[in-house]
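The C-alpha cells that follow cover one protein chain in two forms, given apart as structure 1 and structure 2.
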Structure 1
Amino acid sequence: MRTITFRIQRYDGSRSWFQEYVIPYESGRTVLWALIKIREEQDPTLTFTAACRHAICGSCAVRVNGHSVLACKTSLDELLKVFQTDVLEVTPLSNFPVIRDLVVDWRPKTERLKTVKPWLIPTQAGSAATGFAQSPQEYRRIASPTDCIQCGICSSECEQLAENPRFLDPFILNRAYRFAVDSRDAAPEEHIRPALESDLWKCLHCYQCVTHCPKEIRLDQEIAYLRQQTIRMGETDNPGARHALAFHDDVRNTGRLDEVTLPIKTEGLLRTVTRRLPFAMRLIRTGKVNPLQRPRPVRGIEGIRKIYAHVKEKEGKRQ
C-alpha cells in the first residue's frame, strides 16, 4: 500500500521540532484533508487553522516543501507529482510570528494594515442614504483586488519582507491600491502615502507574491500603480523615484540606459562615489562599462519617442 510521510514542524511556545506522520495515500485529496486526518486519527495535539475549506477564508495557508499554499485548495496528487516524492514537509508561513505548530500570529500585521486606511473614504457625491453609483468600468478596477482573502501567502513568499521589516506586506499594498482606485473614494493619497513611507520602492520584482497568490491577483501591477501615483503626487525626492525617472529619460533620449550616469541620478554623486566606486571600477576593468563613451540614440529612436508622446497624450486626456 502506498503511503505519504508528512514531516510537520511543531512548536510549543519555546521549542521547535519536526514530527513525522505516515498516512495511506488516497487519490483526489488535499493537504487540508491530510492534516485533519492526522489530527483526528493520530495526534489530537497537532494545531493548525482552517474554516471554509473552499479557498474563501484564507485561514489554512501553510508551507509545503518550502512553498506557501492554501491547504484546502492544494491537491496532494499535484504536489507528489511536482516534487517527485512521497515525503512532504509542512511548516508555518514565513515572515509571521508562530504561536503554536502551524498557527501564526496575525495581530502585528493587522495593526500595520490599519496604516493604509483599508476602508472607503467617501466622496461628497454619495452617502449611505443615496448610495455610490459606479460604472462597469469603475467596478472592474476594484474587482480583482477585492478578491484578496488575506491568506498571508504573499507575505510568506516576499523576499523583501524577509530582509526589511519596514516594507509593507503585499496584501497590505493590495488594500492601499484597492481603495486608491475606487471611484467612490475621496482621498486616494491617504491610502498611498503610508505605503510610500514604508519602502514602497524596495519591492524586488521577484513575482513570488503573484505566482503563489491563490486568487491570481496581479500584485506586481498594483505596486507599479502605487509607485506611479507617488510620482504624480510629487514625491520624487527618493532613490526609487529618481531611479525610475532616470530609466524613463534615458530610454526616451537614446533608447538605452546610460549606466555611467544612472547611479548618480539615483543616489547622487557623493553617495555613488562612496558606495559604488569599487563596483564601478570592476565594471570598467572588465570592459562592461566605458565611462568615456556616451550612449548614442538607437536605430528607430523616433518610433520610441512617438510611443512616449502617445502615452503622454493619453495620460493628459485621462486626467
Structure 2
Amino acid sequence: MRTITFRIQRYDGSRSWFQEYVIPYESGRTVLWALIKIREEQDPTLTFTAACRHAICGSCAVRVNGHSVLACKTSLDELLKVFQTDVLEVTPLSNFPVIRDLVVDWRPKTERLKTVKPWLIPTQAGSAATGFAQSPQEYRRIASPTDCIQCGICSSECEQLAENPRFLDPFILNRAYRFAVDSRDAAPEEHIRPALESDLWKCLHCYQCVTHCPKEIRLDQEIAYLRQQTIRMGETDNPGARHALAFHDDVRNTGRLDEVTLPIKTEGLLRTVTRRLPFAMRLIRTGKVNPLQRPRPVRGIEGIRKIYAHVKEKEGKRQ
C-alpha cells in the first residue's frame, strides 16, 4: 500500500522537534485532509488552525517543503508530483512567532498593519447617510487587492522581511495600496507614507509573494505603484528612488544604463568615493568595469526620446 510520510515540525513553547507520521495514500485529497487525519487518528496533540475549508478565512497557511500554502486548497497529488516524493515536510509559516506546532501569533502583524491606517479616510463626496458614487472602473482597481484574506503566506515568503523585520509585510503594503487607489479615499498619502518610512524601497523584487499568494494578487505591481506615488509626492531623496531615477534618465540619454555613474547617482559622489572605492578597484582590476568606456547613444535614440516625450505628455494630460 502506498503511504505518505509527513515530517511535521512540532513546538511546545520551549522545545522544537520533527515528528513523523505515516498515512495511507488517497487520491484527490488536500494537505488539510492529511493534517486532520493525523490529528484525529494518530495524535490529538498536533496543533494547527483551520476553519472555512475553502480558502476564504486564511487560517490554515503552513509551509510544505519550504513553500507556504493554504492547507485547505493544496492538493496532495500535486505536491507529490511537483516534488517527486512521498515525503512531505510541514513547518509553520516563517517570519511569525510560533505559539505551538503550526500555530503562529498574529498580534505583532496586527500592530504593524495599523501603521498604514488600514481604513478608508473618506472624501467629502460621501457621508454615512448617503454612501458614495463609485464607477465600475474605479471599483475594478480595488477588486483584486480586496481579495486578500490575510493568510500570512506573503509574509512567510518575503525574502526582505526575513532579513529585516522593519519591512512591512506584503499584505500590509497591499492594504496601503487598496486605500491609496480607492476613489473614496481622501488621503492616499496617509497610507503610502508609512510604507515609504518602513523601507518600501527595500523590496528585493523576488516575486515570492506573488508566486505564493493564493489569491494571485499582483503585489509586485502594487509595490511598484506605491513607489511611483512616493516619487510623485516628491520623495526622491533616498537611494531607492535615486537608483530608479538613474535608470530612467540614463535610458533617455543613451538608451542604456551607465554602470559607472549609477552608484554616484544613487548614493552621491562622497559616499561612492569613501565606501565603494575598494569595490570599484576590484572591478577595474578584473576588467569587469572600465571607467573610461561609457555607453554611447544607441541607434534610434531619437525615437526613444520621442517615446519619453509622448508618454510624459499623455500623463501630463491625464493628471
Partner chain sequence: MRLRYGFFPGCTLESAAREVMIATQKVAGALGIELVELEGWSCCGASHIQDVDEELALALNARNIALGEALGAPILTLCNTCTLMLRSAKQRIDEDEAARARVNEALRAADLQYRGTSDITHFLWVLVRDYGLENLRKQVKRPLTGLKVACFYGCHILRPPQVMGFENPWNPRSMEMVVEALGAENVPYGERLSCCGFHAVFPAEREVLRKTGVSCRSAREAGADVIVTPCPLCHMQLDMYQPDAQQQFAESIRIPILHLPQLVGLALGFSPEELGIRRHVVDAIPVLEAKLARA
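What you see is a predicted model; the values in this text were computed from it and never measured. Numbering for residues begins at 1 and runs along the sequence of structure 1. Think of the rigid core as the biggest set of C-alphas that the two forms share within 1.5 Å after superposition.
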Report summary line: Here the form predicted in complex with its partner chain is displayed as structure 2
Query - C-alpha of residue 54 moved at least 2 Å between structure 1 and structure 2 on rigid core - result: no
Query - Exceeds or equals 2 Å, Cα of residue 286 between structure 1 and structure 2, core fit - result: yes
